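The form predicted alone is given below as one chain in structure tokens.
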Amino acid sequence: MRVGVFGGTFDPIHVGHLVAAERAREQLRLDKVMFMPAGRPWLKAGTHVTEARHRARMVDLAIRGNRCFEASPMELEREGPTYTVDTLEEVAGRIKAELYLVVGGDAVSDLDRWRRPRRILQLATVAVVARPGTAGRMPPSLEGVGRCAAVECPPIGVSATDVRRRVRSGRTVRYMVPDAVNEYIVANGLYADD
């Protein structure tokens, strides 16, 4: 079995996340992609992050109907800051699978700053999704360590930051997020006063 682990704040999840996950699933022949909303993302310490229950629900709404996508509350249930290495170790302990860590090209460039990056590269192949304006290269200190796979993906000009900004200013986010996510944002008054 081949499983993609796709972590992120997902604040909110948007069509760019979904396209990247589906491209990774297709190109790497993954049996499943596990979406892992971050509990307390250490890289975003000191910044406002929407409550975990809202982010988890938006992920559930966004991926429903795709039998190859699964939402996992694993990181949300863990105490303290969320570290990818801990998540991969937990997934590896729960299921027998070849793991692929799905990350954007911007994130892989900073992998050497993550907790125990060499262990991450032992546990999973890093599936790098190209993003506009990023090199998508492994940091020099980690070159030749572990396995990387490139995921080709069309540039999609959507970011969670832009979605939040648009909601806050009263503009539409239709087609930027799935309809069910848009409805959830409105119904719960998310991002209106960030």
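Residue numbers run from 1 along the displayed sequence. This is a predicted model, so every value here is computed, not measured.
What follows is about the form predicted in complex with adenosine-5'-triphosphate, which we do not show.
**Q** Choose from 160-168, 63-71, 142-150, 22-30 the stretch whose residues reach within 4.5 Å of adenosine-5'-triphosphate in the model of the complex, heavy atoms counted.
**A** Heavy atoms within 4.5 Å of adenosine-5'-triphosphate in the model of the complex occur in 160-168.
**Q** Mark Gly16 yes when one of its heavy atoms lies within 4.5 Å of a heavy atom of adenosine-5'-triphosphate in the model of the complex, and no otherwise.
**A** Contact with adenosine-5'-triphosphate, yes.
**Q** Determine whether any heavy atom of Tyr184 comes within 4.5 Å of a heavy atom of adenosine-5'-triphosphate in the model of the complex, and answer yes or no.
**A** Result no; Tyr184 lies far from adenosine-5'-triphosphate in the model of the complex.
**Q** Met58 versus adenosine-5'-triphosphate, in the model of the complex: is there a non-hydrogen atom within 4.5 Å?
**A** Result no; Met58 lies far from adenosine-5'-triphosphate in the model of the complex.
**Q** Would Ala52 count as touching adenosine-5'-triphosphate in the model of the complex under a 4.5 Å heavy atom rule?
**A** Contact check for Ala52: no, nothing within 4.5 Å of adenosine-5'-triphosphate in the model of the complex.
**Q** Judged by heavy atoms and a 4.5 Å cut-off, are Val3, Ala97 and Gln122 together in contact with adenosine-5'-triphosphate in the model of the complex?
**A** Checked in the model of the complex: no contact with adenosine-5'-triphosphate for any of the three.
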